[in-house]
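Encoded as structure tokens, the following chain is the form predicted on its own, with no partner shown.
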Amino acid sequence: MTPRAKVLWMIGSVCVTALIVVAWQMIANYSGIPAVFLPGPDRAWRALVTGFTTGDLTQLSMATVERMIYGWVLASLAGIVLGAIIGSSKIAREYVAPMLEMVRPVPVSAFMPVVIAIVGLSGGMVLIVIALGAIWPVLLATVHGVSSVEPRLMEVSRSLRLGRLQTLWKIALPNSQPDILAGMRIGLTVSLILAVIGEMLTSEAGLGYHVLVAARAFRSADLFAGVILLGLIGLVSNVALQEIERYMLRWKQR
């Protein structure tokens, strides 16, 4: 994308967002829907400002982001290690890959009762659930990346008499970086979603529990403020990971 096209795309995105906000405000003001169900963006903004200045939105946001990051890092490390082991072994792929494809579509919520029975409703349960849900994109992307290394590169490793671990570390994993980073981006989004769901279930301090309490108390402005804040967290984390991905893959642009 050229710099001019990028600027035009950003301007277009801002204009679309502004139109959505204006439409939201008009609907809230003139549709007849009670404010207790649909507050305008002005009320949601005031709730955000109040929450950060005199409330506890800062602490709640940090708690949710912390759970998201911890679970995502744990899932990414486990996914890369297991994916590298499975992807580098034809026998492992033949025996394990079908099971992975069978378990992958199962929603993480199906595992929640099992995790709750083992560790109870606690912060540890939330972390485990996040890791279980976010590991699959990284694991499958790593398996695909490691197993699809260019055959010529494998011939080079054999010519250099590299061992299996050396080949994996110096050739397979660097070649799999685009797949792994793409899987990590998906895993980060899954981590945020599961952090919110886990907080709602366990009543752990965080934006998820804050949104749930606001909904039960009919504090619609606080509810929408929490949802907006979660969207901003997802946007910022995705943009940050995109920049990291662009930096790490700068060699592909040369």
Partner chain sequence: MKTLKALLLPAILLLAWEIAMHVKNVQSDSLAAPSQIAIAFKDAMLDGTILSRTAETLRAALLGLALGGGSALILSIILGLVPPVARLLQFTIEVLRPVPSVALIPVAILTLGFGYGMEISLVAFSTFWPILIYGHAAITNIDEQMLDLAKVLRLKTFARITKIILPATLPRYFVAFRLATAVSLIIAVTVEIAANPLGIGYELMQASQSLHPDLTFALVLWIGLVGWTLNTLLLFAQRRLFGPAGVAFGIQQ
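Given the structure is predicted, the values throughout are model-derived calculations rather than measurements. In this text, rigid core is short for the largest set of C-alphas that superpose within 1.5 Å between two forms. Residue numbers count along the first chain shown, from 1.
There is another form of this protein, the form predicted in complex with its partner chain, and it is not shown here; the text below is about that form.
- In the predicted bound form, its partner chain sits beyond 4.5 Å of every heavy atom of P151.
- In the predicted bound form, its partner chain sits within 4.5 Å of a heavy atom belonging to R104.
- Its partner chain in the predicted bound form is not approached by I69, whose heavy atoms all lie more than 4.5 angstroms from it.
- The shortest heavy atom separation between P113 and its partner chain in the predicted bound form is within 4.5 Å.
- Using a 4.5 angstroms heavy atom cutoff to its partner chain in the predicted bound form, all of I20, V227 and G234 count as contacting.
- Heavy atoms within 4.5 Å of its partner chain in the predicted bound form are found in one stretch of 87-95, 127-135, 71-79, 159-167, which is 87-95.
- Contact with its partner chain in the predicted bound form, judged by any heavy atom within 4.5 Å, is made by just one of L192, A44, A28, L60: L192.
- Of the residues in 175-207, those that come within 4.5 Å of its partner chain in the predicted bound form through at least one heavy atom are, in sequence order, L192, I193, V196, I197, M200, L201.
- With the core superposed, V236 shows a C-alpha displacement below 2 Å between this form and the one not shown.
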